[in-house]
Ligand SMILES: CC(C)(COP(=O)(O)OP(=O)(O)OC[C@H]1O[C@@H](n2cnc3c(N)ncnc32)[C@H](O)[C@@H]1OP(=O)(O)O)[C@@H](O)C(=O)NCCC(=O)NCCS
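In structure tokens, one chain follows: the form predicted on its own.
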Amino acid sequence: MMNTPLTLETSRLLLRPFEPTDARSVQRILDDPQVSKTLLDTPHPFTLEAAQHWIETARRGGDRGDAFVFALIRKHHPLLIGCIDIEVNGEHRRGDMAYWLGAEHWGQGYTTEAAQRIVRFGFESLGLRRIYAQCVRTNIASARVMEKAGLRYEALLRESALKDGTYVDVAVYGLTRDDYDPASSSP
């Protein structure tokens, strides 16, 4: 894998590594029940200490080169509005993409724009063979982001994750390098 840029861009967003000073924004977004209910592995409530630990863990993954975790920052009126990441399995040359966004920014295309950029980054900069992502089956908006980023529905993993004390079905979407179309990943 090659050295990666610290910051990626889309037409409306900067995707940059998280900084310790982002902890309060991360805590505010992930503590929102509307947001946490859409995520597979985020507890609620989400404390400031949890946000600080999460940022440190994200930074260590970047240092190792096996996780690229980006804060989503609006270019106009700079504001941290969410996160997108890709965890890389170098042996198999595959990346697991995940994301979250503050509820007040839902429905504006930010996550799709970031996901398209991460797909391009994964195939063109990291040399991945496959990129995949997962969501709770009932999270139609997240599934739609994956589709708009070029990923295709592959499987339903029944009762695959424990979420708030209940087992939920998880939908898996993926894209291989052979099926990757750079034109569809140009935000």
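Each residue number is its position in the shown sequence, starting from 1. The model shown is predicted, which means the values in this text are computed figures rather than measured ones.
Omitted from view is the form predicted together with the named molecule, to which the following refers.
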The named molecule isn't shown here, but in the model of the complex which of 69, 151, 26, 135 has a heavy atom within 4.5 Å of it? 135
May I ask you to choose, among 158, 44, 144, 64, the residue with a heavy atom within 4.5 Å of the named molecule in the model of the complex? 144
Given a 4.5 Å cut-off on heavy atoms, tell me which of 48 to 56, 124 to 132, 34 to 42, 158 to 166 is the interface stretch with the named molecule in the model of the complex. 34 to 42
Answer with yes or no whether residue 90 is in contact with the named molecule in the model of the complex, where contact means some heavy atom within 4.5 Å. no
With the cut-off set at 4.5 Å between non-hydrogen atoms, does residue 78 touch the named molecule in the model of the complex? no
Can you tell me if residue 101 lies within 4.5 angstroms of the named molecule in the model of the complex, counting non-hydrogen atoms only? yes
Within 106 to 132, which residues come within 4.5 Å of the named molecule in the model of the complex, counting heavy atoms only? 106, 107, 108, 109, 110, 111, 112
